[in-house]
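Shown next as structure tokens: one chain only, the form predicted alone.
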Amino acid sequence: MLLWRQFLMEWKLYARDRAAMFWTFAFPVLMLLGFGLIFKGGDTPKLSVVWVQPAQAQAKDEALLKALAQFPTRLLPMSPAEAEARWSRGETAVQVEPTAEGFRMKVNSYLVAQGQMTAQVVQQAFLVSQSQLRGQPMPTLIPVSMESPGHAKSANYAAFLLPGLLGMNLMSMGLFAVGMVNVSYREKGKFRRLAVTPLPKWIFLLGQVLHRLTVTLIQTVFLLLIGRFVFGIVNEGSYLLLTLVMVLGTACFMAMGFALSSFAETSETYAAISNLLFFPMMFLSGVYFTLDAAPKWLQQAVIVLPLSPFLKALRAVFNDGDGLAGHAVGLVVVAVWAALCFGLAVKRFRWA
């Protein structure tokens, strides 16, 4: 009975904070809807190429345009003045301009990742056009399909993003809804007052844990329903394995929040400490994008951060219908983080 009352009290306190409710439930859904709809499309994303229209088109120009049509490019024909204005605004990644001798191509140094990829496609189209001009038959390109590592065909970026948001929600819940709340309680003296009440400590702590678990469950259900009915995304694997991975991640990040809260006396200090972990994991663990263009050492180094191996295992189960055998090392990393953080939290926990 005491545990049930404490559980309800945690929900009442949580429901009063509208900002927390928004960031917990509404923001991840908006992120999934926004990015999923923006990048929803065909099998291969189009690469934009600004084409500076010459005063008089030549055979080489027509050949290159015909070749570019075979590649995943979106041609933007413009006059020299329009192209220069767009370039000056920083909106162009690659610009191709016919010249008397051939062509001139510019790549925006501020959009180097997109620009280099687009430039390579243009170079391939140029080689195809040269073959055509020499009277050789137009080569047939290799068909391209967008597939996940488990060979599940899904052209929608939302299928990649959904597990990332699930992982980020768990991390946010542990670092902020758990860690920040405990620091706030200690800072305002609530722990000292609770320590002299008949309420057992384990009831108070277990009430917090159960509340966070139910919040996580509701978050997960919301995102899975949005993914299913808006984008047609379904769990390709075992729900049992999916649950096991989610439980392990929840334990890890909640333990991390409890552990970090023991190092801070004020909310401001805790915010600084928690952000030292939150932002590197959010940007380097594959929540929104992969690190395939990053240096090899960085791709290997992020495995020590628990969110990275957690997301790899989660995507393997959810997106590819895979098992966990190939992710044993990563899951051990997550489990080690959970055990170490839990042990540290127990050792350093205090009411005052």
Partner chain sequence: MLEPALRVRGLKKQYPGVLAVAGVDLDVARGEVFGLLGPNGAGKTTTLEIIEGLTEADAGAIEVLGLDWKRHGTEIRSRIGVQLQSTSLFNKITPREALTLYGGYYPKSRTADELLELVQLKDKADAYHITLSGGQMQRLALAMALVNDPELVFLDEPTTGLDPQARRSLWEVVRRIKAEGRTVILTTHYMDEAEALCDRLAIMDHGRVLTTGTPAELIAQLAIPSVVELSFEGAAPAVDGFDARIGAAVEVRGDLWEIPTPDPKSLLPRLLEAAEAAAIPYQQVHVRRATLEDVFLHKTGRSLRD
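Numbering follows the first chain given and starts at 1. Quick caveat, the model's predicted, so the values are computed rather than measured.
There is another form of the same protein, the form predicted together with its partner chain; it is not shown, and what comes next is about it.
- Task: Indicate whether the candidate residues 104, 106 and 109 are all in contact with its partner chain in the predicted complex, with contact defined as any heavy atom within 4.5 Å.
- Result: No, the whole trio is out of contact, none within 4.5 Å by any heavy atom.
- Task: Select from the listed residues 244, 75, 206, 194 the one whose heavy atoms reach within 4.5 Å of its partner chain in the predicted complex.
- Result: Of the candidates 244, 75, 206, 194, 194 is the one lying within 4.5 Å of its partner chain in the predicted complex.
- Of 280, 90, 80, 189, which one comes within 4.5 Å of its partner chain in the predicted complex, counting heavy atoms only? Of the candidates 280, 90, 80, 189, 189 is the one lying within 4.5 Å of its partner chain in the predicted complex.
- Looking at 7-15, 340-348, 21-29, 327-335, which one sits within 4.5 Å of its partner chain in the predicted complex if you count heavy atoms only? It is 7-15 that comes within 4.5 Å of the partner.
- Evaluate residue 199 for contact with its partner chain in the predicted complex, applying a 4.5 angstroms cut-off between non-hydrogen atoms, and reply yes or no. Answer yes; at least one heavy atom of residue 199 falls within 4.5 Å of its partner chain in the predicted complex.
- Quick one: does residue 185 come within 4.5 Å of its partner chain in the predicted complex, counting heavy atoms only? Yes - in the predicted complex, heavy atoms of residue 185 and its partner chain come within 4.5 Å of each other.
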